[in-house]
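Quick heads-up: it's one chain on its own, the form predicted alone, in structure tokens.
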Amino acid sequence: MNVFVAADNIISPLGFTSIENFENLKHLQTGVRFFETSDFSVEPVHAAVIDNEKIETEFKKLNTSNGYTKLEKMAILSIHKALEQNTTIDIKSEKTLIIFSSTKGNIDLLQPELKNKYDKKRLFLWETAKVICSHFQNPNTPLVVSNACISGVIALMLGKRLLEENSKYENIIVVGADIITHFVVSGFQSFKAVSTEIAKPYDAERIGISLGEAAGTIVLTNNVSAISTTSSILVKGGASSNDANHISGPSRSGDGLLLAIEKALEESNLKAEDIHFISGHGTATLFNDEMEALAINDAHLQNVPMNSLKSYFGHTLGAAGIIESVITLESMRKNTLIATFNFKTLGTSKPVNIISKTQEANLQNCLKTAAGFGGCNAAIVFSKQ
């Protein structure tokens, strides 16, 4: 059974629609900026942070309760805006399921000023998912995916498999969200992994990540009548692996990511030469980018145009796999390859074809990769019908 993309959205510092975000990427606009002082870092830091006033302004347009956290508002807004693109999807139907992807959820509720404002259960991801689901009056129990930085890609794969194997559902709404907080930033700073400038994925002078916050939604369906056949995109295949190397460091050989890529291609009935574009993970840390380059070479994909969006959005954790997949989808629709912002000179031991200039290209089959703490890896393939 085919699984189609029915609608999508991105809420980020670069815009509140997929198209607005895509257009800003085309013009090399980054959402990462310098914060001399901030509530989320004791030292100066570069990060991609959404304007709280814009979130409040957009949320008021929904004419709903204001008893939601920042993260919940972002997720709810993203779903609303995605569904505006496709009015055939009934979110209140028993045939529609919501999958929530996040690594930290409402982690800001640990802050003293918010600690007593909400029920402490809202710190649990399952409770956050229930709150989002309840807003839309969806009758199903939502599913939660939290597997480090591959969460978004895993959530999409789960949605695909449920639609293929379970006749109970026709539509699955995959939403991912994470926010910038002192807890998150200080954790990465403790690893000495945060860059003192805007991240430089795959670059010889890369020194670490830039963090970001975002929400993203991809609506999947197995109902062909719910999609536009003139621009339909399929989720063809996906796979995950774990190299069990280290709690925070990836396998130096890239074998785990290679396995995920190979299995994703196998499930998609595609070969390496069929892939026209790779949306890489590209955190701009020394070991991640090197590992990814090794895996790409071993998969014989080193000549395929590849980018990272982490220097535009920052690393958005549980939202990353979803918002980067949305940009992949928009790239396919527009047949446009987005340049990797802040990339100048390749800094990996094996060659990879990093896109340095936005350009047109015929994109039929595209691969999205992801990697995360604990040695987890994932890959997913999108194809035009």
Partner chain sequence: MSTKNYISAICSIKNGKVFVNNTLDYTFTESNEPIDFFKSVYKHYQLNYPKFYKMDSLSKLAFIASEILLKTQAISKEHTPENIAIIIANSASSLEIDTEHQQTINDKANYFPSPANFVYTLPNILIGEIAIRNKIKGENTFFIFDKFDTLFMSSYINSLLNSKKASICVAGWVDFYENHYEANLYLVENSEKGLKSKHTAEELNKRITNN
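Note that the structure is a prediction, hence the values are computed from the model and not measured. Numbering follows the first chain given and starts at 1.
Omitted here: the form predicted together with its partner chain. The next part is about that form.
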- Examine Ala244 and determine whether its closest non-hydrogen atom to its partner chain in the predicted complex is within 4.5 angstroms. yes
- Query: Do Ile207 and its partner chain share at least one heavy atom pair within 4.5 Å in the predicted complex?
  - Reply: no
- Message: So, Phe16 and its partner chain: in the predicted complex, are they within 4.5 Å at any heavy atom pair?
- Response: no
- Query: Even though its partner chain is not shown here, does Leu286 get within 4.5 Å of it in the predicted complex, heavy atoms only?
  - Reply: no
- Query: Taking the partner as it appears in the predicted complex, which of 214 to 222, 105 to 113, 198 to 206, 273 to 281 has residues with heavy atoms within 4.5 Å of its partner chain?
  - Reply: 105 to 113
- Contact residue in the predicted complex, chosen from Val304, Ala226, Leu83, Leu259 - any heavy atom within 4.5 Å of its partner chain: Leu259
- Item | Option touching its partner chain, based on a heavy atom within 4.5 Å in the predicted complex, out of Ile91, Ile233, Leu143, Cys133 | Leu143
- Query: Are all three residues Glu165, Lys263 and Glu267 in contact with its partner chain in the predicted complex, where contact means a non-hydrogen atom within 4.5 Å?
  - Reply: yes
- For the stretch 344 to 358, return the residues whose heavy atoms include at least one within 4.5 Å of its partner chain in the predicted complex, in the order they occur. none
